[in-house]
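A single chain comes next, written as structure tokens; it is the form predicted on its own.
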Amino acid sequence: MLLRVGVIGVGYLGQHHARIFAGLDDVELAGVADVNKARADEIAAAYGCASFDDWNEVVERSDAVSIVTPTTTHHEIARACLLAGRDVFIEKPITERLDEARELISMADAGNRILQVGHLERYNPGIVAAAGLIQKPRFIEAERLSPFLGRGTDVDITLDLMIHDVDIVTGLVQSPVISISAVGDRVLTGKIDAVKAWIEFDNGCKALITASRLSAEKVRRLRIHQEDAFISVDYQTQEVRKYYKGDAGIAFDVISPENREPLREELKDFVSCVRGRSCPRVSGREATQALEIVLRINDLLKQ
């Protein structure tokens, strides 16, 4: 039986949601919506579906909906989808406020709906490969730097980029956060454009997370220090290196997992969760945990 999936918002990222859903087996791209009707028409023509400038039209003709709109609109659209009995995928962050996120979780629970949030680095083959090597990390360093592209400027860099690494780090450490300190700056957008956050966990692990949209180059790196090894992950190449003490000094192993598109793996998982009524890898609860931390970082930067 075909699963009808609609995409709301077909800008830079939403167009890829439409492409992937259109190419999945036993999935029908039921329609796309965008406030820019010409853009919706363009994507609909490319992938053979209906187009709308009213997202309610997409909700009506879909079994499940993918929301790829500005963060400030997530709560309104997701709430309407859940009230209509649809399963929902929301690009990260889940919302911009904790009360909104918690309301969506309660609604999904009450209606037995799937609520998945787009923390796609969980599906990066490099992260998947590294996870099996990580044991009791002591210190983690994450860097996520980008040139200024003009996207995601409706929110602080913490909500746009840093939240990816907050989600990955908290997932790896699996311990309550006991303290956070941070520094940041507003340069181009009137919102936080660059930030460094120091996070300490109850189990003794510490993490330094850096995010910026002011970089000359794109950097996506994760480094994990543990008792017997230092593990480095390049999100972009998906390569993992494990450094350890060898007979002649430092030795290392290189792991090059099969290259896969993380977004495709993530959306395939959403479809699988909808069909099997199973809990997503990043449900509303995991996404809200990451949101809570970045909002705490934002509060520190307002002081």
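The first residue of the shown sequence is 1; numbering continues from there. Quick caveat: nothing in here was measured; it's all calculated off a predicted structure.
Heads up, the form predicted together with a small molecule isn't pictured, but that's what we're talking about next.
The contact with the small molecule in the model of the complex, taken as any heavy atom within 4.5 Å, belongs to 93 out of 93, 137, 126, 184.
Three-residue candidate spot 165, 225 and 232; no residue lies within 4.5 angstroms of the small molecule in the model of the complex by any non-hydrogen atom.
Contact check for residue 11: a non-hydrogen atom falls within 4.5 Å of the small molecule in the model of the complex.
Contact check for residue 257: every heavy atom lies farther than 4.5 Å from the small molecule in the model of the complex. The closest non-hydrogen atom of residue 55 lies within 4.5 Å of the small molecule in the model of the complex. At the 4.5 Å threshold, heavy atoms of residue 160 reach the small molecule in the model of the complex. Listed stretches are 62-70, 268-276, 23-31, 248-256; the contact stretch with the small molecule in the model of the complex is 62-70, by a heavy atom cutoff of 4.5 Å.
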